[in-house]
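Same protein, same chain, two forms; see structure 1 and structure 2 below, as structure tokens.
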Structure 1
């Protein structure tokens, strides 16, 4: 009887130990604002990862973007953070500076080279990689061929100076505004032009090069190359302006052309596309990279990295782009996939635009000042933006406007 009890107890203990020895390691990963539209994509990703990785169990959780940071901070404090969290580039820099996310170099190895150069630069802080680059986008130029022909313009601009001269020629010849650049966050234009904002703790955007660059915009505005309400024009307004013939070029993401096809088929049929030209900064315009980070305190960072590499690998990046129909991969090989490149010679403008944008992705950079550089970012950026608008709309000389903004910045940076 004693022997039977001992055997029973031993079997129970062994069974308990065996179950726990083989318990799956859960890898919960968070995304923002992607459910329920992309449920099917994530369901296949989770199923495929789990099947290929016995002992690991990926679990997808989606939430609103404004819940991500507070929930992550709370989970880190409680000692139970998820394996991966969907971040943007500014958040990567902010949390890396705080020490709240893990440097990934030791976990990614040679796989690091699968990502585009621009994406890697976006997620590198003090020489270390802090995120797995995921989906992105980039601007293209969509232009009305009839307007170009009337103005005697033979081809799309290939650099920023050509964009300026082409725009001037269009407006002079046709009396039509040429384009409506996104001016609501001008710091991005400085980075696009390869011009620094802050150096050695001081604002430097009032240098002669900065003044000359902003002067180009002021001159274009004065000449009617930009619509007078350009500072009020966001994504929707720019599409409407192009569709109605108010502007000859649309500098936006490829998916905007779907609206043109629906709302202004006659304009759509006259539309051609080209890459948005680069400037001295050698950065494609319009990018906003999303990524995955591994929070500090997650107990199995190597396993989290397996999931991060899987979700941002070539196959899954292409599948996610197909699901969204609007985003582009941040891995080099994925952007060469036929889904993007087969449309290069298509009769469909949207497919041609997709191919053009994919070829620009290696230089796609998130054009923004990383968090932590500015002590009072909201008010400082507003001051700069106000003075930029004063300069471009002609209420102040460019040099005076930039000097005033720089002085305000330096007063705060000195504290």
Structure 2
């Protein structure tokens, strides 16, 4: 009898647990390269979301950036994608064009207006919002005061032409490369300069204005203003070059300064910061919006949207920026939080960099070609990039290089 009772109670408990477990909708969300540094942030976010949303169970999974796309494609094909995936803007456009992510307008409602205009434009494809804007960044200029003084440069450049002339002055007087611009995706520089890439279905990046703009880079390269291996320099190499004195200025995101602080204290102590100037495009350089998308095939998109709105809401965005110290929210209200301007007059360069960058966020747009324009993005981008490299490194006249790339693009665009 006793055994029967125990079994009955056990069965009831098991049954309740099973029903309860079934009642929870699991919302797995994937992020890129944020563990283990931000484990504490995500643990609190998950706990807070789960407590406020009975029946929903958020689950955080972090993976490397190069794994996330293949794994997502595999999970979509297998019919069990996660609720949310951390994407960058080009991926949003690619996946939206392929129909692999869900348009979110019907799930976000009025909350759409909480995001900054630039961020919303970044994630809008064919008039529909395809991602929850999350954290963003923007380039600043970090420079070595000693080198500037030696070159007789009194202040940081206020516009792009001043940046060019300052850099030339530094290289001429110190025989050191002045800076290492990111050249691995040159279309961003065209947008920065307010120069279009494709108009009326034709490539237009071989106009006299484009040629003159690329020529500036070719001249700077020839004069040794850029390191000769500038095309090989990614984020990591640029920081290492600045820390070791190979370049006088770092023109990159403020978080790079954290690395200078830990790896090269002597250089860090001589570092000052300034805003990265805008050019004709009136866009802050270096913006790279991170966001969350809902993959097609996830069975509960409305619930996924709840989590997306929570993670990219004002409160969580400020908390995340505080955790990273060097990224910025994409929501209007969060960006006004006093935290971002509190360090404007601080003795700490990282805090000053944060204040400088936050002021540029209004102009922050991810500088990438509009969605759906390129029929064969991989080949076309490769062709343009090869020709830009040929032009800047002096293997080909700029006009000839851009003409050749434009002809190759037009051939594909005409099909």
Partner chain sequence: MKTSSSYTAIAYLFLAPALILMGLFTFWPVGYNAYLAFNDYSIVDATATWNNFEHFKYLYHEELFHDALKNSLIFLLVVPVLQVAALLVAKLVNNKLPGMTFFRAAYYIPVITAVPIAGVAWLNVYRYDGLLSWFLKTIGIIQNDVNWLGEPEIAIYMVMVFTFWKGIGYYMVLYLAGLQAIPAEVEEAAILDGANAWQRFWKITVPMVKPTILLCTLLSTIAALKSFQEVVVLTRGQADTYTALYYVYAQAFTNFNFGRASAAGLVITFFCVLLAIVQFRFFGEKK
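Residue numbers count along the first chain shown, from 1. Given the structure is predicted, the values throughout are model-derived calculations rather than measurements. In this text, rigid core is short for the largest set of C-alphas that superpose within 1.5 Å between two forms.
Asker: Can you spot the form predicted together with the partner chain among structures 1 and 2?
Answerer: Looking at both copies of the chain, structure 2 is the one that matches the description.
Asker: Given that the chain moves as two rigid parts between the two structures, is it the case that residue 233 and residue 383 are assigned to one and the same part?
Answerer: In the two-part motion between the two structures, residue 233 and residue 383 are assigned to the same rigid part.
Asker: Give the turn angle of the smaller rigid part between the two structures in degrees.
Answerer: Domain rotation angle between the two structures: 21 degrees.
Asker: Can you give the CA shift of residue 130 between the two structures, in Å, with the two forms fit on their core?
Answerer: Spelling it out: core superposed, C-alpha of residue 130 shifted, distance 5.6 Å.
Asker: Could you tell me how many Å the Cα atom of residue 88 shifts between the two structures when the rigid core is held superposed?
Answerer: That residue's C-alpha is offset by 3.8 Å.
Asker: Taking the rigid core as fixed, quantify in angstrom how much the C-alpha of residue 72 shifts between the two structures.
Answerer: Shift of residue 72 at C-alpha, rigid core superposed: 9.0 Å.
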